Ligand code: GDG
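Take a look at this single chain, the form predicted on its own, given in structure tokens.
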């Protein structure tokens, strides 16, 4: 069996526990079974430009990490990755801040990572690179003579051609992807966007079998929608501790119904629109006043970037305004929590909430939607409200699909979810659960690795 080598910006927490993130859950078994290697940035900055690699063993898995200089951290991570690629891929061209030194830092860090990874590879390794931080890693590895199979998975959306053209180095980015043997996207929409750019702006060809040709190379471009460990998350929602959390949730709030949202504090998640929609619910349906509470959990992220400070201020003002206008001594309409909450507690909160509100303005997949479905009681399930611009909406058709820019649409969907008859809730949940279970984390991992591990002759036949 070939060794699996994962390369990502950060290395995930690999130990099997309730707190392991989605990527670690999805990739952990493959790494353990193959005696794999996971390489990434260690999260620290240093003045030492030697980029010394550190190694540690976690069972059969080797973890290899390196620091970044402060200069490279600011240019590669805070700059190009999060002020150019992230906003462009989430259709926020107004927030793109392209600077040449950001781009130089991005290329420099990808080259430094390639130096480190190339020195660690064995002849029959399979390399799987994760996400937008490392568009050019395969090109750098090829330049160093690496011939092993290399795949790339983009966890965020791939933008439409018109949006991508606004990024000054769009052709360089796309050309870099053709050094990979397989390019994975979250949705068919992402694949179509990629194919359209290739055919319309690069002069490339779209071939049978999900193949594309450009820049003198062929590669596979295919949708591999990521999933979750369904049984593990469902188990977390049914422990005695989870039951206690649900009971405390209901005791603390005299409201009879709960709407829950869980998102990183990011402008792509549509959080201000969501709070405005909840206020609109209370305006349009006065019978919901004193009867329903919105709990919005928004852990901090990328706080060094101004746009994130601005959205935090806006949310604090909105929650305070709604609570001041509608709240009473025994009812707080909005409970806004700006800190991390453990996954086992989230599972309990999902199970104890009548509505799960997942309304990003744009999202690659959004695993919260799938976690909400997995956590429900099949006999008395809650209702998922899902943005049409979340990747999960391609598959989770039985959710209440909304336009996240239309606060009235979201408000009406909340009323529909809160008032939905139990038989309809059961039917919708059964269909959603079957879809989430079918396209779980194992299916995502195995389908991608199966495509990547085929012999080149078979892939391009």
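Everything numeric in this text was worked out from a predicted model, so none of it was measured. Residue numbers count along the first chain shown, from 1.
One more form of this protein, predicted together with this ligand, exists but is not displayed; see below.
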- Counting only heavy atoms and a 4.5 Å cutoff, which of 155-163, 198-206, 321-329, 108-116 contacts this ligand in the predicted bound form? 155-163
- Option touching this ligand, based on a heavy atom within 4.5 Å in the predicted bound form, out of 262, 89, 183, 230: 262
- this ligand: the contacting residue among 281, 384, 346, 150 in the predicted bound form [heavy atom, 4.5 Å]: 346
- Query: Hey, in the predicted bound form, is residue 274 touching this ligand, heavy atoms inside 4.5 Å?
  - Reply: no
- Is residue 299 close enough to this ligand in the predicted bound form to count, meaning some heavy atom within 4.5 Å? yes
- Message: Even though the partner isn't displayed, in the predicted bound form is residue 269 close enough to this ligand, meaning a heavy atom within 4.5 Å?
- Response: yes
- Do residue 367 and this ligand come within 4.5 Å of each other in the predicted bound form, heavy atoms counted? yes
- What residues of 312-347, in sequence order, lie within 4.5 Å of this ligand in the predicted bound form by heavy atom? 339, 340, 341, 342, 343, 346
